[in-house]
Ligand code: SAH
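Given next, in structure tokens, is a single chain: the form predicted on its own.
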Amino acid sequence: MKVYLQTWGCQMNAADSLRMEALLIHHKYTLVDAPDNADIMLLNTCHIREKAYHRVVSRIGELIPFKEKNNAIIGIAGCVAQAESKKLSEESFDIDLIFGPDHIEELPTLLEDALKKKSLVKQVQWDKDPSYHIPIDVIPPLPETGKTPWSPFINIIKGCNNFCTFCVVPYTRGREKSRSVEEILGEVQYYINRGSKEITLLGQNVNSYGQDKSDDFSSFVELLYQISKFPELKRLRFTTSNPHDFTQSLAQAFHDIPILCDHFHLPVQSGSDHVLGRMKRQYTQDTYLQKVSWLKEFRPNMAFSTDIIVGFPGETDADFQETLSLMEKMEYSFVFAFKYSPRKGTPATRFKDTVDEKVQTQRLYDLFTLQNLISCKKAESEVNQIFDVYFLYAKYGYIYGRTSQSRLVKISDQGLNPSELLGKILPVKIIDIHGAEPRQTSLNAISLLGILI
């Protein structure tokens, strides 16, 4: 049977979809790129934004003609499925399957049930097992997919215990659960055996790895040291870290482990101590900058990226100016920023001092205008420099890769065979930059144009 899978959201969602693909292929399903000839249509959803539910419902409406034409089934997975399962099941009669992130490994069985039954199949109960386990036989991608995992994601921990007042993650991903060191190292070896030279470790808060276990369980820093022992691994990345439990020992790891990349994603959310307090972020601008200084001591060329929310309830013009001031101090390589979006069930929905929508929109534009200037300045300083680039994919006449600082680089494929470059780390001289204009979504830095040397 043919399956169409559409994914929204963060790297965790992307990793979940890859696991779904591996499971589907393992059970002899065929993946297709469009819904028009699919027997099964799956939407892996994100719930971080206010309009996420409406976006899903709108997409379901677009898929209904294909459902009727092919007698197909529609399944909703991910965080919207977890948080809005009751609403989805009550308001739409066109959904056949709803399941949350804790039930990905059950997908083949759930699909069988949905194909057989005329009533809705729903599986959104929290997993009661205190352990977090991903079977090695469904680690994506399987060789049959034809996708070479040059830089795969490896989930090391799921869930979050921080309960920031704006965040829905603890209610859609549950409490923190860490995978065993042995299982993670086995997955690292799995990808190395298939040619991967770079790994990205994933978690809602990777710094918390192991804290849900006994005292003799490895910490996140200890895990990094163990992974670094694989001689074939050339680059190691991770995301995301919460600043409040970022430790000096993690900064020290960047001195001791050369394969840790010169890029750190450290979400700040706001530069105002007043707003950070209301967000329950458990740090101030000064403590945030102090932790950044620990990293810069060992890696002066460290590139930083961050997440920022504008227009949080109670944010004044002065608060917003503090955020802009922090951005100027940090000189982030790139920023993911959004207007505050109230999420059902989170404490921030009880705050009454909301910020006007027009003010939020203007602040977001001002933020991106500043970040665009910072990103362009940093990128321009890299022209005529030489960087080691790890090549990841090819399309539209270019071969793309990333520097250790996570800067996207592209070179023309004219006269080159992309397959001979992919998965290799090669020196590239930067000859130009490609800028981005401020817009009402995240500004993902500036890409660089280079030539092989």
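Numbers follow the displayed sequence, beginning with 1. Because the structure is a prediction, the values reported are computed rather than measured.
A second form of this protein, the form predicted together with the named molecule, is not displayed here; the remarks below concern that form.
For the three residues Pro152, Phe238 and Tyr390, a heavy atom within 4.5 Å of the named molecule turns up in the predicted complex in no case. For the options Arg281, His263, Arg363, His103, the one in contact with the named molecule in the predicted complex, meaning a heavy atom within 4.5 Å, is Arg281. Just one of Gln204, Ser196, Gln285, Asn372 comes within 4.5 Å of the named molecule in the predicted complex, counting any heavy atom, and that one is Gln204. The stretch among 119-127, 228-236, 335-343, 185-193 whose residues place heavy atoms within 4.5 Å of the named molecule in the predicted complex is 335-343. At a distance threshold of 4.5 angstroms between non-hydrogen atoms, Asn242 is in contact with the named molecule in the predicted complex. Although the partner is absent here, Phe166 is a contact residue: one of its heavy atoms lies within 4.5 angstroms of the named molecule in the predicted complex.
Using a 4.5 Å cutoff between non-hydrogen atoms, Asp273 does not count as a contact of the named molecule in the predicted complex. For the chain shown alone, Asp307 is a contact residue for the named molecule in the predicted complex, at least one non-hydrogen atom being within 4.5 angstroms. Residues of 266-292 lying near the named molecule in the predicted complex, listed in sequence order, are Pro267, Gln269, Arg281, the criterion being any heavy atom within 4.5 Å.
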